[in-house]
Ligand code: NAP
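Only one chain is shown below, in structure tokens, and it's the form predicted on its own.
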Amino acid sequence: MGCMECPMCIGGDWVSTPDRQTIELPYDGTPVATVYRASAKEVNNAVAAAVAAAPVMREMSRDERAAILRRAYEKMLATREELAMAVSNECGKPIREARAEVDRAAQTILFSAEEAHRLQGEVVPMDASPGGKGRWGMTVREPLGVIAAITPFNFPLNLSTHKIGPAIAAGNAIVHKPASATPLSALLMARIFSECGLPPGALNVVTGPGGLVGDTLVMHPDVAMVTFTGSVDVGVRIRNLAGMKRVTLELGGNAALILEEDADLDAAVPRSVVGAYAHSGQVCISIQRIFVHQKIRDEFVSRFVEATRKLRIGHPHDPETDISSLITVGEAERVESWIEEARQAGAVVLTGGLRKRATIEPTILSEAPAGVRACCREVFGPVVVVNSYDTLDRAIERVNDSDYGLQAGIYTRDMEKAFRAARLIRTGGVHINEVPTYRVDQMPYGGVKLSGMGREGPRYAVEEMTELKLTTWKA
């Protein structure tokens, strides 16, 4: 890929500024690209371009929007390796996982194309009320206008398409602010949509510091909606600054898994390894807490430790690599300090815990106190805490003892217990006989408590990104 020049996209033009930024491979610091930092001027220009494009998008037929999205889907598959290498380079994701992310992102765009065709209202039975006799009513869904999309570093392509695809399907224009460390795949997507016939200004990508770019977008009077995925602190700030704008927030979590005494460990162990250590744990629904019934605790731990130690640490471009680096050395140092805090509080490090530059070994902690940060905060690193329990009610209580509520999982052959847990666990999603890290891109996805508000998944995002309008008339 080389160290290429990547200007931002504003109104269909490729824009550079005097303020340059080098994007480095997180694993070893190799320079991979140069991008440009936007000032308030570029952000305002991007919003103005989106304002100009919004009426064009609004007047497009559903089929025209769907056709653009389908062409983008096909183009993504045709450029799969280029997109995967961009993802791997910018966030340090192992290339196998980066390729899988491209495939998922393409599916997200295809699902969005299908939702463009399904965008519809309903007939309202006005005469169900005595005052409605002789009246007829219908609803339609109309685009909001300009949507600001602010996305994180960990899934720089797929989480971008979860905002861009539904916005286009609904007939909106977008200003996209990718994470400062990972703008490359977002800029490639802007080029793809331009080549696939999206009107100039309908998708703008501005790169630069989150404070300046993000705050300018959130407070801009011409932005109708802000959709954000990222940290709790920034999400709360956005909610406070947005005023009357529509806002959706996905703010992460500290996902928990329950293993009942009848759990199928042949299934649960390998899925727990994937769920805990994919992208070095830098996943909002990465398993962080495992509560295992005391009767199977020793067997599970033995098998889980053995499987974890088989993971291969290496360069992200190596197709055999399972674990590469965190996004920065600073983040790796933070995770290392949280592991040490848990150890000093009485947790036992069963495996891992060592750091080399930005890479942390896959780590399993046992019986860590609930108050340490590795238990009660979002680690966003390859760290799992395994604790035992005696009753399911106690396990559910400990799962719910969290400020977060994104997703959870439970393994059991007893469906009465499974659905009881699903009813009592306070999260946006509960997976039975699956890890909380499970996600397919058409499902509703979002959380409660500090995990955010609103739902993603193309169908559900389209609902968030449109306004319901009622029209009635008297016969």
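Residues carry their position along the shown sequence, with the first being 1. The structure presented is a predicted model; accordingly, all values stated were derived computationally and were not measured.
Absent from the display: the form predicted together with the ligand. The rest refers to it.
Contact test in the model of the complex: Gly121 vs the ligand, heavy atoms, 4.5 Å: It does not: once the ligand is placed as it appears in the model of the complex, Gly121 has no heavy atom within 4.5 Å of it.
Partner proximity in the model of the complex: Glu90 to the ligand, non-hydrogen atom cutoff 4.5 Å: No.
Partner contact for Leu69 in the model of the complex: the ligand, 4.5 angstroms, heavy atom: Contact check for Leu69: no, nothing within 4.5 Å of the ligand in the model of the complex.
Exercise: Thr351 in contact with the ligand in the model of the complex, heavy atom 4.5 Å: Output for Thr351 is no: heavy atoms all beyond 4.5 Å of the ligand.
The ligand in the model of the complex: contacting segment from 124 to 132, 230 to 238, 298 to 306, 183 to 191, heavy atom within 4.5 Å: Result for this chain: 230 to 238.
One residue of Glu336, Glu261, Asp215, Glu82 in contact with the ligand, assessed in the model of the complex (non-hydrogen atom, 4.5 angstroms): Here the answer is residue option Asp215.
Partner-contacting position among Val205, Ala276, Ala105, Cys284 - heavy atom within 4.5 Å of the ligand in the model of the complex: Residue within 4.5 Å of the partner: Cys284.
Residues within stretch 107 to 130 having a non-hydrogen atom within 4.5 Å of the ligand in the model of the complex: If the 4.5 Å heavy-atom criterion is applied to the ligand in the model of the complex, 107 to 130 yields nothing.
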